[in-house]
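In the block that follows, a single chain appears as structure tokens, in the form predicted alone.
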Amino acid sequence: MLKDFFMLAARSITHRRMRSWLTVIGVFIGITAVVALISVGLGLNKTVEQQVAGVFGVDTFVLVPKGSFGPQRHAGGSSDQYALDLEFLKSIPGVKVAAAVRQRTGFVQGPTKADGTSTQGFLPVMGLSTELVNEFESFTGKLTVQPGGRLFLPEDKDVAVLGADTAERLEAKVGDTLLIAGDANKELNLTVVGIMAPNDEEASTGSSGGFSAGMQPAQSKDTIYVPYDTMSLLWGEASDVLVTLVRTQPGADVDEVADRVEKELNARGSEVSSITYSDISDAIGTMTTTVSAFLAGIAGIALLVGAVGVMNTMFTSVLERTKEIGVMKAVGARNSHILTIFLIESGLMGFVGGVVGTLAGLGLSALASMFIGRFFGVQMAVVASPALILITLAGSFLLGAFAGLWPAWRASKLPVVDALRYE
């Protein structure tokens, strides 16, 4: 019997083809907007998660100043730097390797020129752990120096690597000696062992890459880099750490180790928060879900308009088929049969709009991905989620059926005699 009901409903829709298609268009526009926006949101979420996973991996977390990440970000009292005992951190169970970045502004005197003078000034000095380059290239990017120079070696102390602009300003080259003054009367003569070369991204976009993209200062070409331990010789114990990268032992639970490290360091006075891949992923998921839901809610207004169109069409259909309803009741059709036939008819109109709208929405999201990739240089994933498709198709049928509920109910309640006498 249900098959017969579907056949009757389909025949009625095809009989009033123009009116039905105009009604379907209203549903189709709303479904297209909803599917496109949700699909773009899912694609953005997947793209960002892939980028984060490529950097973090499954065994790495970051230590940042407390209050600089999460719901309490920028809360009162938060700082851009924090104190850290790096050796104690390395001794915590579960930690395999750790690397930190320190930064200070120091008085710098360049090499003596031919006329006996030298360039002087205050410049940012950044201390880098050797492990930062050897173990965390996914964070730092490819760090390269100009020909004839090199990066730090584990045993290096009194050496420096200059940013390109700093080297030009100080008129320094590989092999020259700089004087850097720290706290009180602490000062060191450092030998220049390398000058940073711009990476491909920096050369093409003009932005600084590597660790300078995510760790201050942003102007890596204006910075003097020294070994992490050298910072202690100039400024004492580390109270100026910007960020710390930690890799866990094989098989260790990253979240568990991160919580342990955060707890033990805070107990020693280090105001830090740990950030794992799951923390980043959760934050991204919450943000993209909220944005997608908001946009989909706006697009849902078009769905409401489409539902009103379905209701209007069904009222007209009931009015035109009043005598037909009377005949069906006269030959034995019950109220529930009439109700079911009209609900199926309105549901089918919603379903057809859902099919066309889903295809159009996925196509629109693919075009949006191509546009973003071409003009913004971000290869965004296109997500055609089976769950999204199934929910959309089922939802469009239910939307149509719900919109036709009132007309269908009125049709089922028509008195037989009045329906048969209707002209």
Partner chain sequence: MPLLDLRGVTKDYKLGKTVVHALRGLDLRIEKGEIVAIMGPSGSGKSTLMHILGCLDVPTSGEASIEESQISSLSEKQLVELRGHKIGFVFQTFNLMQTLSAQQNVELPMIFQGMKKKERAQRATELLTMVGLADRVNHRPNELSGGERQRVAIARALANDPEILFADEPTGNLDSESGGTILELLKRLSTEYGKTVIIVTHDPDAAAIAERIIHLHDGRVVEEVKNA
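A quick note: this is a predicted structure, and the numbers were derived from the prediction, not measured. Numbering follows the first chain given and starts at 1.
Beyond what is shown, the protein has a form predicted together with the partner chain; the following relates to that form.
Student: For the chain seen here without its partner, which of 80 to 88, 316 to 324, 232 to 240, 279 to 287 has a heavy atom within 4.5 Å of the partner chain in the predicted complex?
Tutor: Contact criterion met by 316 to 324 only.
Student: Could you check which residue among A114, V331, A267, I301 gets a heavy atom within 4.5 Å of the partner chain in the predicted complex?
Tutor: Answer to the contact question: V331.
Student: Within 4.5 Å, heavy atoms only, which of H337, K142, K173, K96 is in contact with the partner chain in the predicted complex?
Tutor: Checked against the cut-off, the match is H337.
Student: Do I341 and the partner chain come within 4.5 Å of each other in the predicted complex, heavy atoms counted?
Tutor: I341 belongs to the contact set for the partner chain.
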